[in-house]
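What follows is one chain in structure tokens, specifically the form predicted on its own.
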């Protein structure tokens, strides 16, 4: 390996270390509580070096979020590909979102900050637009699956496809937040896990025509 290749590899590794440090701190302290200095300290770099890679805390926050969203998107797409019926696809994408969130709680918490109004006021319109736009793409994808189910007579004709997708996402998100608490207080872990797995069935039952 030549000197140029080695330097490029070191540069990429340094950038990855910065992103990993930022993700951990944004999860622990939130956007407001995290500083560029604390990220530099966690990554064991100087603050000046940090600014060679990212011009601001917001740029770094956006990078962390978009990287996390990309991983979520990959998981959701893979889950759907393994299913054939619209109902099975809806269930698969819902459960894949839950599983991915529980596997990477740091990223889940970072992304949830973007839906806190106080945090949004500290972010640029472009940052909010990019993050919200990607999540809206997920919801529109879910809505298309619901529309497919309506066309095939699986789901009720009066069902609001996008509304169903939105409600499913927020229901899953709320249950994940409970599951990630050290002491949820309102449910024991086994009970909460069963509810996570069954919650999509509650939604799908309401979405199907009454027999």
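Numbering follows the first chain given and starts at 1. These numbers come from a predicted model, not from an experiment.
Unshown form predicted in complex with the DNA; subsequent notes refer to it.
Comparing 41-49, 181-189, 161-169, 147-155 against the DNA in the predicted bound form, the single stretch with non-hydrogen atoms within 4.5 angstroms of it is 41-49.
A heavy atom within 4.5 Å of the DNA in the predicted bound form is found for exactly one of 36, 175, 143, 69: 36. Contacts of stretch 53-80 with the DNA in the predicted bound form, defined by any heavy atom lying within 4.5 Å, are made by 53, 56, 57, listed in sequence order.
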